[in-house]
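This document starts with one chain, in the form predicted alone, laid out as structure tokens.
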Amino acid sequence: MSDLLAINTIRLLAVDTVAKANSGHPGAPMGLAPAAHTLFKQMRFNPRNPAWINRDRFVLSNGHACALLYTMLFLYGYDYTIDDLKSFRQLNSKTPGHPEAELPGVEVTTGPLGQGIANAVGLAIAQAQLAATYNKPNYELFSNYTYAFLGDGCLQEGVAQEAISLAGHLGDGLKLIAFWDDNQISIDGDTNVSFTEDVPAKFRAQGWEVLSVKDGNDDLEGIAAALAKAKTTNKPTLIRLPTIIGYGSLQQGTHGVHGSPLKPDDIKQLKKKFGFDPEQNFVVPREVTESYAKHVADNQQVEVEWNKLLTAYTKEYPELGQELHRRLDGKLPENWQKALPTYTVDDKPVASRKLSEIVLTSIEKELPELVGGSADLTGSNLTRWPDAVDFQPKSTGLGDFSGRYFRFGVREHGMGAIINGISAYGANFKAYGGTFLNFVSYASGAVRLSALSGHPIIWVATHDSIGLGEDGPTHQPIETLAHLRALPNLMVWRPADGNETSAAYLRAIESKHTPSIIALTRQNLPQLEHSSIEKAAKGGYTVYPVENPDIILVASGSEVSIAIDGAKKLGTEGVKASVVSIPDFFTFDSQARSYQLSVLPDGVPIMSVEVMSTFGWSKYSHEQFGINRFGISGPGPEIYKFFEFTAEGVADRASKVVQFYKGKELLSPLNKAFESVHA
């Protein structure tokens, strides 16, 4: 088989795929086909076992080339058919508009530009950490490379630059090779309208090796040589690949071929030019299929040898081998949760960010898969256990690559995308990142992809409210929880004490497909009398019970103890009030309706109490006490008094709610919502 035949097959399959859908981007796949062909034929992977842990990873950061990825996966025998290519971008298709992580052969979901290269940095970090932890002389279990294709658009995104900068700092030892599709075209046209920086100089300044291919359209030997050279350096490497977008099209080199299907006459001339029948579509020459199948067969033998190596390793290093087998099976250590700290009402008040640190310190030895760090706020987030080793190049003297603590720098968005990549690698990594809750908003794109892709990462989000005080409204999150709670498949925990903090980590670490945000206080919180890990792990429970209450107060986090104080004050006034804590909406919503209604029953007025936007609380409460404005600057306790979040303030509002609903028949808001959905 000639390389050119395979390359033109890739080009034309991508063109036909986009044309059949009448939607998509044909230009980038046509320009990148030579690089894809050259790369894939030397990558290690097994379509019959896409989860093989030591496979090379390929990340298509350039979302405009998604038809290219589906074409390559089809040609190499992954679980795709010609009919799948023909259904590109159709409803419930195996080939959606942008590749998603649950699809065979797709490592990460990379629709938004810049996320993919940041994920690739995370994948490379995960490989380096595992290699430093488990590889032994004569046992190189983890040796795979991470490859990424990225375009000019990716390089303009801030999240990409954050991750690229961190990768350059880490330097020696990251097996990361990125191809820059330098076609000088974006959706607006020629990149000279907005993007004229010296990309190679910038990468070199950030610590990357930079190589160049003279002609990415035809110089296969140059592409292969650049790949080979990239593997001789220990640095992350950028390969500059000048290509012509839409190579061979009548519109090649213009933005007209970027985001629209080619016209029928253009497709016909293209096929004729490449030696194909212009009247036929989705043609795959037998020689191409056989050549690619031979590479797959060779790779399957590579995996067989790797499995033998793992067996021998387990005999020589039984403890590490058993640990590794457990992780590869996606299992947690038995009884690890017994290390979670528990508390009684007699224990002293503690800030929940400190409670979080206590949890991490208590469980880290039980969970070697637990890795994480902070975006330059280690001392404020309290995310580092005392004897943690930093993940740093050994040459720096700051740590080594077996370290499990990451210094992400002031790079919240990059951190979020990187821990997604770490999680996506496999080996049951439980990756977390720390910042202030308000600054999780900086990373909302990565958080959304965590939820969409099913990466069970954890955000340690401290300074969760107006209680942080003097930093003022720029740092005080008001709308943040409402935004995060609105995301599908995302747990948003706001624990009220030590037991609830342990419950948040229990659910976050046990999760296989749902990420978590754990919102934590700067100020001290009392340990609650009726809390427990078991109760809180249901997402909501009655934390201050009274018989036949006149009102139920429902709260989260630091407001739970305030609500309890308010309930006690109401009791002295002859009003019976119980208090419900809902540390996580998502988990509470997953409970049986009978349990939910036992916590928030019919016939009782319910008032929510939270120093945040009231948005979202109406599904649990008839009335809401919150803040629908920005915060203010000042000491935390004084700000709480200013907004009347005190026992007296809660009791005063609750009394008015009781009077307003007196004598009225009330359905629980849960039942009202259920009835409206099933009307």
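Numbering starts at 1 and runs along the sequence shown. Predicted model only: the values in this text are computed from it and were never measured.
Absent from the display: the form predicted together with a further copy of the same chain. The rest refers to it.
S.K.: Considering non-hydrogen atoms and a 4.5 Å limit, which listed residue (Pro278, Pro349, Pro264, Pro473) is close to a further copy of the same chain in the predicted bound form?
M.R.: Exactly one residue meets the criterion: Pro473.
S.K.: Name the residue from Lys235, His295, Arg448, Arg240 that puts a heavy atom within 4.5 Å of a further copy of the same chain in the predicted bound form.
M.R.: It is Arg448.
S.K.: Among 450 to 458, 349 to 357, 556 to 564, 221 to 229, which stretch has residues whose heavy atoms lie within 4.5 Å of a further copy of the same chain in the predicted bound form?
M.R.: That would be stretch 450 to 458.
S.K.: Within 4.5 Å, heavy atoms only: does Glu319 come near a further copy of the same chain in the predicted bound form?
M.R.: Residue-level check for Glu319: no, no contact with a further copy of the same chain.
S.K.: Any chance Glu479 has a heavy atom within 4.5 Å of a further copy of the same chain in the predicted bound form?
M.R.: Looking in the predicted bound form, residue contacts with a further copy of the same chain include Glu479, since a heavy atom lies within 4.5 Å.
S.K.: Could you tell me if Pro96 has a non-hydrogen atom within 4.5 Å of a further copy of the same chain in the predicted bound form?
M.R.: Pro96: contacts a further copy of the same chain in the predicted bound form.
S.K.: Tell me, yes or no, whether Phe439 is in contact with a further copy of the same chain in the predicted bound form, where a contact means a heavy atom of each within 4.5 Å.
M.R.: Because a heavy atom of Phe439 falls inside 4.5 Å of a further copy of the same chain in the predicted bound form, the answer is yes.
S.K.: Could you tell me if all three of Asn92, Thr110 and Phe408 have a heavy atom no more than 4.5 Å from a further copy of the same chain in the predicted bound form?
M.R.: Judged in the predicted bound form, Asn92, Thr110 and Phe408 all sit within 4.5 Å of a further copy of the same chain.
S.K.: Pull the contact list for 567 to 587: residues with a heavy atom within 4.5 Å of a further copy of the same chain in the predicted bound form, in sequence order.
M.R.: Contacting residue: only Phe585.
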